[in-house]
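Below you'll find only one chain, the form predicted on its own, shown as structure tokens.
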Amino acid sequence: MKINIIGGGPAGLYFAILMKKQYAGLRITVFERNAPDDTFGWGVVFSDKTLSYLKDNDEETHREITDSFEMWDNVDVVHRDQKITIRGNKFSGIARLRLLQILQRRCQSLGVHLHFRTEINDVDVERFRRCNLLVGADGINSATRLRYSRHFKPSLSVRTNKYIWYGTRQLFHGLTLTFHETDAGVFAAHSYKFNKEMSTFIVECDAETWKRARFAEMSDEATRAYLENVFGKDLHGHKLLSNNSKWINFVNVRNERWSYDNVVLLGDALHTAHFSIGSGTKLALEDSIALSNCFKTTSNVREALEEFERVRKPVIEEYQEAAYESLLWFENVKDYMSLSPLPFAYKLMTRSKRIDYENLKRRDPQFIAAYEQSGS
């Protein structure tokens, strides 16, 4: 059996690892447009549940990843320069480049063929389909999805908020959500450390704020200086670091069908979930696990792909609904800025409807006690 995978991100690499482990005789080839040491963005986040899945499916990968993790159980909400801490939220962060290097090495040790610097456009995809299974793990601008769009029937919704992904040497010891209201409007930062020296720092604002701040006219250096001023108290003198960082709009990706003939999509090519609720990397790895599991019960490609959609799609749809509620909250955050810090933090923590009062009380009874004492 021959498998071609377009896209050497976490979804494509981890699926290759799992399939090669299950069937050593498979010929698996991964085609990636970037160099092996290229990556955009900074750190990514996993939940405890995702880590348990990784351990169950490939202990060697799990061990190397967890050796590189920074772990925390707190969410810190900063509003009106007051920090509210909510415990009982277990997450881990790792540098995206470090994660890719771990997965690349594991692929090579198992005999997976990796081809880097291979740019594939939609017109080329048909050539790569000459195999038993073609996996489109080629990201949000997937050439595979575009080539077979009339079969996948994708829906791409471009949201109005703008966001930009930076790094910083200021260490945020927990997932930190920081809000500042300025003359231009409200800015929100999503930040967390991913190693002992660096943190991710994602800044988000609505389109009106972005226009009033006149970011369209600013250089990268001027943009960073502006945002360093907005978040000066939080960065403690540390600079924002760019890695091809650009203002972009979040794109909500859905597909009516997940496979066509011997072609299937994985990760961001298949679906996205807003970064305020969870990592696309988490979903990508869990996709890979779910798809590889479907080949444990059948060697028939069509049967496996149909089972993948049947089993995994309801899980993703539920996750995307929660992520959509979170996305809407951040798009309308200006409506909540009049709240004092404790009720603001409570609204934020319950925004997706996946966490409610009882859940928060179990996680952090002290937070709920303080919230109730505030008269909220």
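A quick note: this is a predicted structure, and the numbers were derived from the prediction, not measured. Note that residue numbering begins at 1 and tracks the sequence as displayed.
The next section is about a form of this same protein that is not shown, the form predicted together with a small molecule.
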| property | result |
| --- | --- |
| The small molecule contact at residue 334 in the predicted bound form, heavy atom, 4.5 Å | no |
| Non-hydrogen atom contact residue 34 with the small molecule in the predicted bound form at 4.5 angstroms | yes |
| Proximity of residue 44 to the small molecule in the predicted bound form, heavy atoms at 4.5 Å | yes |
| Contact test in the predicted bound form: residue 139 vs the small molecule, heavy atoms, 4.5 Å | yes |
| Stretch from 274-282, 223-231, 82-90, 151-159 whose residues place a heavy atom within 4.5 Å of the small molecule in the predicted bound form | 274-282 |
